[in-house]
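Taking the form predicted on its own, here's one chain by itself in structure tokens.
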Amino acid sequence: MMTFKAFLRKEFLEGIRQYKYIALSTGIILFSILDPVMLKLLPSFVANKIPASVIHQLFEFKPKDALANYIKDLFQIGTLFIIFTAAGSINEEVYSQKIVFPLTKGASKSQIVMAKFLYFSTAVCLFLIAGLLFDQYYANLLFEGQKIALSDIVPVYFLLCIFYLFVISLTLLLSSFTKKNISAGILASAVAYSTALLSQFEKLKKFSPYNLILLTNDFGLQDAKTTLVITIMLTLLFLVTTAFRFNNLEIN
């Protein structure tokens, strides 16, 4: 337990020193403010090129449209910030030999993996709720139509958290199999984005973690059971495999 707490504290301090919180907040929160503002300004950007009547039809956004646009950008861009922030978690410890001293003091590799997962999960989930609340505020402020209620945000937040726990566990797994951060980041990005391709097939959609992103449009969990179970099982499988791989890595 001391190893777990010690590494959790170490990750927190390294997050400050290595500006990981700035990277995560940029990838998750920045778009929650920019997206509603950009959608509001979009008609004025094209005012000289498209007739006013057409602009009204094409760019009539409601608060929930702004939220959907934020979630889309979060997946397309925010996912990269999360992956590349976590990509060096295991391989840096091994190949920079920073892990040698804790191991000589009896540190447990499995607890180190869990501490890293909990650290990134907590940080990402905290930034996610902040991002959603910012987007709710600006979307409701800038657009006419049915407002986004806090009860709408709760299931969306839950689905996003489960999806990004999956992404973090995937990144830790691939970090344990690679020597470079960039390699782990590219591989994790390829797998995470490929889940979106899998969801294009109607019969396979519910088996793809990306379906959790699609289900945020429904503001509920009615059809999420199968995808939630599979995504949580994959997350646990990745964590167990990461711990197994880390335990079997030769460290000089």
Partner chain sequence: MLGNMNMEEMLKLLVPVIVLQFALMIFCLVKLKNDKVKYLPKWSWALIIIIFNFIGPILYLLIGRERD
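Since we're looking at a predicted model, the values are computed, not measured. Positions refer to the first chain, counted from 1.
Below, we refer to the form predicted together with the partner chain, which is not included among the displayed structures.
Contact at A115, K203 and A243 by the partner chain in the model of the complex, all three, heavy atom at most 4.5 Å: No, the whole trio is out of contact, none within 4.5 Å by any heavy atom.
The single option of F75, F81, F127, F134 touching the partner chain in the model of the complex, heavy atom within 4.5 Å: Of the candidates F75, F81, F127, F134, F81 is the one lying within 4.5 Å of the partner chain in the model of the complex.
Any non-hydrogen atom of T226 within 4.5 angstroms of the partner chain in the model of the complex: Output for T226 is no: heavy atoms all beyond 4.5 Å of the partner chain.
Interface membership of E92, the partner chain in the model of the complex, 4.5 Å heavy atom rule: Answer yes; at least one heavy atom of E92 falls within 4.5 Å of the partner chain in the model of the complex.
Partner proximity in the model of the complex: S176 to the partner chain, non-hydrogen atom cutoff 4.5 Å: Although the partner chain is absent here, S176 would stay clear of it in the model of the complex, with no heavy atoms inside 4.5 Å.
Distance check, S121 to the partner chain in the model of the complex, heavy atom within 4.5 Å: No.
Location of the partner chain contact in the model of the complex, chosen stretch of 204 to 212, 60 to 68, 32 to 40, 187 to 195 [non-hydrogen atom, 4.5 Å]: Heavy-atom contact with the partner occurs in 32 to 40.
Members of 224 to 238 lying within 4.5 angstroms of the partner chain, judged by heavy atom, in the model of the complex: Going through 224 to 238 in order - heavy atoms within 4.5 Å of the partner chain in the model of the complex - there are no hits.
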